[in-house]
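Below you will find one chain, with nothing else, as structure tokens; this is the form predicted alone, and questions on how it binds or moves follow later.
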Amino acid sequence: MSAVIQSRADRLTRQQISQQVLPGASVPWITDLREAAFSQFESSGFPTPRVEDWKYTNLKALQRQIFRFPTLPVIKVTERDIGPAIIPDLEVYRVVFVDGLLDERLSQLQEIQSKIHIASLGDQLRTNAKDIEPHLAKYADSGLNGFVSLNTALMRDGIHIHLPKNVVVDKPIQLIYITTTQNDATWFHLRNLIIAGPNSQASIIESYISLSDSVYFNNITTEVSLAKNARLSHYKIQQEATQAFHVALLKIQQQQSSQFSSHSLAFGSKYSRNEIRSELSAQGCECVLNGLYHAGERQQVDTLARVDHLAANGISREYYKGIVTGKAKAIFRGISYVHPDAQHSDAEQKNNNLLLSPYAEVDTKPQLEIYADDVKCSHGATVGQLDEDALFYLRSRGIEKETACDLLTYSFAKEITDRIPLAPFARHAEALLKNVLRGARNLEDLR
């Protein structure tokens, strides 16, 4: 019988935690790690607006919700069910998680394992903990916020990927997370660990979908370590149920001349937060963060993108765009932090938002902190409505108002999808964007 708890710190007890069968219970360092993380959660709880990184965030809906610990999936997911996550014209190595647990039936682990080390993190915690001990929770500090603390204390499954030295993976690895929960509000604490050896190269795609419009909470922490000259491209599509909660941290540590790029699409959930933090720890690193978010009705979408330049000659780019309508709210905070030893850093960040409703809200705060004197840095943000002159021009050519608005909105967002280097993923992103626009069918007619 799974315990029922409220997501406030004072309602989650050690006795309830002890009732859960979590992997690695017989491994001392794992139990110590969980204990320390839960103590941190007890001390801090979930973030409040008094914390600068969460200043504009309203977590009341999540904190009022009662969640259950997950049980084994009761619905047998089929190939058809994962259809919404399939990217047309793109060959991938597929790994599927159902309700927070790896589903080997739908995954292609054996095919991938002939090239790299890839395994369920839950299995690693149970049977091969020594391989992940040097890395797990070493990059994403459980003290960063209450969500990371809770994830570290309650992590049950996820993926562990280790790219050996000089290995180049020939196809993207797609991680599909599908939720089947129908009635009970359930939370899932997914943990991913990706270690890229020197000169290795790979692409990772994360896709989040659900089978019903039910209440659940995905709390995800992903740790990435890039060795010298490693290259990792990360793609993410979040298109979950409109009643769902989604909080994700992606923490990257980069070594000399490594390259990391992120391309994130946030289209679903009642509340979603995507937080990316990268540390350029040695010379010559490059980090590119691109994102597109769409929020309608009463959705709240939250983005934090931070790059710490810790060494010289680092390059970072942050480009995010948002489309907000209805009574939705979007929050963006971009931070480029140039430390004293990071001379010759080159940092640029830009956030542009389109308001399509008088009731929608955007809070954006681009930020530079520079403690080196020989750098090239810039930042900027805009919040605005559709260009009235452009709208009038389209209307004067006989295009209906709704279609004209969608054409301009689509054009606004396409700057982000055009930055996606993986062509099938870019086309898929554009198709999803059209689906969330009101006049999508008319856009297809005008192709």
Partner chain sequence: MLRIKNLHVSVDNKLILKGLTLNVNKGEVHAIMGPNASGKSTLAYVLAGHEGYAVESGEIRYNEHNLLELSPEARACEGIFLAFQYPVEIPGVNNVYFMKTAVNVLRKKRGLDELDAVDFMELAKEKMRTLEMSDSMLKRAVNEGFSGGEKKRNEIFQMSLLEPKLALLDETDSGLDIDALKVVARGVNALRNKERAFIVITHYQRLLNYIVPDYVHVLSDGKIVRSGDRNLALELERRGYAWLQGEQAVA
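As the structure is a computational prediction, the values presented were derived from the model and not from experiment. Positions refer to the first chain, counted from 1.
Not on display, but discussed next: the form predicted in complex with its partner chain.
Using a 4.5 Å cutoff between non-hydrogen atoms, residue 393 counts as a contact of its partner chain in the predicted bound form. Of the heavy atoms in residue 52, none are within 4.5 Å of its partner chain in the predicted bound form. Although the partner is absent from this view, residue 414 contacts its partner chain in the predicted bound form, with a non-hydrogen atom inside 4.5 angstroms. Taking the partner from the other structure, its partner chain in the predicted bound form has no heavy atom within 4.5 Å of any heavy atom of residue 60. Here the chain stands alone, but in the predicted bound form its contact with its partner chain, taken as any heavy atom within 4.5 Å, falls in 399-407 among 52-60, 375-383, 35-43, 399-407.
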